[in-house]
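For reference, the chain that follows is the form predicted alone, supplied as structure tokens.
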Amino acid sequence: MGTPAEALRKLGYPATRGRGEILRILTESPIPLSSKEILDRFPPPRPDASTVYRNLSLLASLGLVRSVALHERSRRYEVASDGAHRHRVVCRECGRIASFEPRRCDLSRFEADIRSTLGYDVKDHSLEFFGACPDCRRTENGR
């Protein structure tokens, strides 16, 4: 689709500094970020939080950003990419998040079950794993 600015313009929206910074910040992050984390990474002058929330909502509605829940109170965001996607592992002890791109992600049997049972045509998925990170496991084992 080209650059994010081109994608925004093609969809009829101006490529503002704020939208560009949000997309840059999310592109550079290996893990999904909360809106507060995105705001904290903004170079000066920083916009107010409501501007970041509004832009995240717009970018998500346009399909340029994906909202990720990760069983937390606040949502996190990542850049939406065609084809390639990441899965996440969340530490239940400290909340640390790690992302990884699977070598092979074949959920076609699940997608077929969803299609035949519920009638949905699955276009994308998000997959999270939960456990204890290496640091928390070391602390647990050292007790």
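This one's a predicted model, so the numbers in the text were calculated from it and none came from an experiment. Note that residue numbering begins at 1 and tracks the sequence as displayed.
Omitted here: the form predicted together with a further copy of the same chain. The next part is about that form.
Taking non-hydrogen atoms only, residue 133 approaches a further copy of the same chain to within 4.5 angstroms in the predicted complex. In the predicted complex, residue 140 approaches a further copy of the same chain with a heavy atom inside 4.5 Å. Proximity of residue 37 to a further copy of the same chain in the predicted complex falls outside the 4.5 Å heavy atom cutoff.
Under a 4.5 angstroms non-hydrogen atom cutoff, a further copy of the same chain in the predicted complex has residue 123 among its neighbouring residues. The three marked residues, 90, 107 and 115, each reach a further copy of the same chain in the predicted complex, with a heavy atom inside 4.5 Å. With the partner omitted from this view, the residue of 62, 98, 80, 49 that lies near a further copy of the same chain in the predicted complex is 98 [heavy atom within 4.5 Å]. Of the stretches 50-58, 98-106, 37-45, 22-30, only 98-106 has residues with a heavy atom within 4.5 Å of a further copy of the same chain in the predicted complex.
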